[in-house]
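Only one chain is included here, represented as structure tokens and corresponding to the form predicted alone.
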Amino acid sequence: MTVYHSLQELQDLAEDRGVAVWEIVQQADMDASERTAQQSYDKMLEMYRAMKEADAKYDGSLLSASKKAGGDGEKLHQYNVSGRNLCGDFVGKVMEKAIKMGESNACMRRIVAAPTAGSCGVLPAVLLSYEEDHDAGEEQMVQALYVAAGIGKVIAENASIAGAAGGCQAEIGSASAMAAGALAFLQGADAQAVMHAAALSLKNMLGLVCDPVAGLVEVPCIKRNSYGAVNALVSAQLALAGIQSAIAPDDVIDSMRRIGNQLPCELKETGKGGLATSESAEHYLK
């Protein structure tokens, strides 16, 4: 049985067996679910293609039931093609796709929770943009999804991926860590660098509160997907340059758990604190 409960164990298994991180995650999935390698791969490919479909079918004319979310992804697209993009083509595309996916969630379109619906835009934005702009095929992207899944599994087991339990650090933070590790892998990082990419990303999101206006996964959730995706890019590049987190990756996850426990309930998806109780939020409710 292939079992891991920490990022260090995941790294050690990959190094001891002389295989890539994604292979350990796939084997663990096969053992736990009694799937064959092909069945496990096909399931992950199905999820990746669902992400691609959701991105392709984005409709900028749609509004959420509240009429407060929708259309920003198209605005960002128009800005990106205007020639005034401040961040470069790749980063601009990542930002755009993250917003589009978050809006699709608010408009009740089909998305992939990665790891949650509220953070559904981070991982697809990074991976889909990478496939489009780099010499990568679906097989590599599926392998990257396995890496992301392994990181997410450890976070879920040792901390939380739910805003109601740990604040938005548990949702956008976890998604950003997953995307950072996946991107580092795609760029050829070894197992250790993958884990440090995840740690660097999660460290930058510690303490992020969950304060949805009107209790809806719209404000500030959708735009946070864009920030989380860009944070993943920065963290992956730091790790690829050989920079390591001064705090061990698993200690970062444990710190997120402790911080989440210390957050008051008003800042954990109740809509009773933070931005949700601002003067502007009162107008949002009208």
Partner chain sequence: MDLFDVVGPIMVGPSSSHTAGAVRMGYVAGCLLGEPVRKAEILLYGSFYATGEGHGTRKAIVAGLLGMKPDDYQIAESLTLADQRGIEITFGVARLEEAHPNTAIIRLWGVGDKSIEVQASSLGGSRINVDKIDGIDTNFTGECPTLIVHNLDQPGHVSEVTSMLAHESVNIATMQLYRSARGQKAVMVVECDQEIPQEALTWLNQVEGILKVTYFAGIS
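The structure presented is a predicted model; accordingly, all values stated were derived computationally and were not measured. Positions refer to the first chain, counted from 1.
One more form of this protein, predicted in complex with its partner chain, exists but is not displayed; see below.
- Query: Using heavy atoms and a 4.5 Å limit, would one call residue 69 a contact residue for its partner chain in the predicted bound form?
  - Reply: Taking the distances in the predicted bound form, the answer for residue 69 is no, it never comes within 4.5 Å of its partner chain.
- Task: Using the partner position in the predicted bound form, report whether residue 81 sits within 4.5 Å of its partner chain, counting heavy atoms only.
- Result: Answer no; every heavy atom of residue 81 is more than 4.5 Å from its partner chain in the predicted bound form.
- Is there a heavy atom of residue 117 no more than 4.5 Å from a heavy atom of its partner chain in the predicted bound form? Taking the distances in the predicted bound form, the answer for residue 117 is yes, it comes within 4.5 Å of its partner chain.
- Query: Do residue 47 and its partner chain come within 4.5 Å of each other in the predicted bound form, heavy atoms counted?
  - Reply: It does: once its partner chain is placed as it appears in the predicted bound form, residue 47 has a heavy atom within 4.5 Å of it.
- Where, among 189-197, 69-77, 91-99, 147-155, do residues come within 4.5 Å of its partner chain in the predicted bound form by heavy atom distance? That would be stretch 147-155.
- Query: Would 203, 259 and 265 all count as contacting its partner chain in the predicted bound form, using a 4.5 Å heavy atom cut-off?
  - Reply: Zero of three within 4.5 Å in the predicted bound form.
- Task: Find the only residue in 128, 111, 159, 209 having a heavy atom within 4.5 Å of its partner chain in the predicted bound form.
- Result: Looking at the other structure, the residue within range turns out to be 111.
- Even though the chain is shown alone, can you say which residues of 213-241 have a heavy atom within 4.5 Å of its partner chain in the predicted bound form? Going through 213-241 in order - heavy atoms within 4.5 Å of its partner chain in the predicted bound form - the hits are 214, 215, 216, 217.
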